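As a starting point, one isolated chain is supplied in structure tokens, in the form predicted alone.
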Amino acid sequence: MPAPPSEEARLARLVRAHDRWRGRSVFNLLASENAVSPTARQYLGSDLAGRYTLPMHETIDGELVDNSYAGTRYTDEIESLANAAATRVFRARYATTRPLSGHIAAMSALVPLLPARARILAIPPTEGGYDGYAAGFLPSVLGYTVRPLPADGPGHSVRADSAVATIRQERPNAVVLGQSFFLFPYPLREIAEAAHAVDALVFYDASHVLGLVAGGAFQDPLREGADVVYGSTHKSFPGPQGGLLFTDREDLFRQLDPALVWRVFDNAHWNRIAALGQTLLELERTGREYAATVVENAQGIARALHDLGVPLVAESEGFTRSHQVHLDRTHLKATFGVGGAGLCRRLERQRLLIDLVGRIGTAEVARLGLTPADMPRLADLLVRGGLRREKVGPEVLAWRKQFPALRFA
């Protein structure tokens, strides 16, 4: 039975309301989100949204064919252009923009390259790691055994000595680096040397820091020893929701690339790949300035919040070297009587968005045009709106209206 016309009108109203609210009426400080450029958004809504392409080299009815679909002359070229842009941005020999998300990019790397019943090391969620690598999730789905790689330094940072000792003791098939709470670069050279000494691969999940890696503002995983780097493209990387993967190793890419279709996914959503290609091209021009601004904003808002008495983690290490700042939720509750979830809800009512687990991200506000000089004002609004419970929403909205267009786009 078809939906009544009123439901179509309601849906249209909801989408317009969302665009006004999230696109023009709030400061988004969620560490897991970013703003997509107008051109990339245009490509997401193009005719590509409903199309397939499936490059192949097989014989059908006695004829050698290079694609199982007709009409793909531009689609295939779009993908080639996006892949080439990825190799340039990340200085990699090989790249694919096909993974549909960071999680699927992880599967795209792990499934073809690791044996059945593989043993992997990953940072546990209790130490800031990604839940997907914990027992019961990807390892269970893929039949792997996962053991903890400690992240017991300040702000869940990884120490070289404890990481190397764990690798030597566990002798895994792979070390998987990557965190949801991600403040500091890894001692990657030491980790890679220890891993390769026991014939283990090093996978670097850059989902949160991919935009910073692209702009040279965090670390350079391939040059520091990672075998395969992958991640999602909508956190510090300012693209559409999706993923990508790159490596310098031809032997690994020859195993990876053919294993993607019909094993991990089928249609790769070529409207997304076009939008991702546009974002990569934008970052070729502006990525270094963008990434530097994001990190400087994070350090600036951390210092400003600290000066206002807000408890943060990793003070002794300078708070952060990424796009994230972490509230010390235990001391926040003891000092101000509110936890991460309560603070999040208070701030949302004042047009300031953070997440419930105490992360503050500066990627999207850098895209809007905020600079380190603006961070004391933004910190003041967070404190007044979230901790003092003042009604700062009108002030936030008036300030937000001063940034109608995206930078670095």
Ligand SMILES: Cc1ncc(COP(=O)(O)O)c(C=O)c1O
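Note that the structure is a prediction, hence the values are computed from the model and not measured. The numbering used is simple: start at 1 and walk along the sequence shown.
Beyond what is shown, the protein has a form predicted in complex with the named molecule; the following relates to that form.
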| item | value |
| --- | --- |
| Interface segment, criterion being heavy atoms within 4.5 Å of the named molecule in the predicted complex, picked from 292 to 300, 247 to 255, 260 to 268, 204 to 212 | 204 to 212 |
| Arg321, heavy atom within 4.5 angstroms of the named molecule in the predicted complex | no |
| Touches the named molecule in the predicted complex: Tyr130 (any heavy atom, 4.5 Å) | yes |
| Any non-hydrogen atom of His234 within 4.5 angstroms of the named molecule in the predicted complex | yes |
| Contact label in the predicted complex: Gly155 to the named molecule, heavy atom within 4.5 Å | no |
| Option touching the named molecule, based on a heavy atom within 4.5 Å in the predicted complex, out of Ser101, Thr166, Thr87, Thr75 | Ser101 |
| Selected contact from Thr96, Ser180, Gln278, Ser108, since only one has a non-hydrogen atom within 4.5 angstroms of the named molecule in the predicted complex | Ser180 |
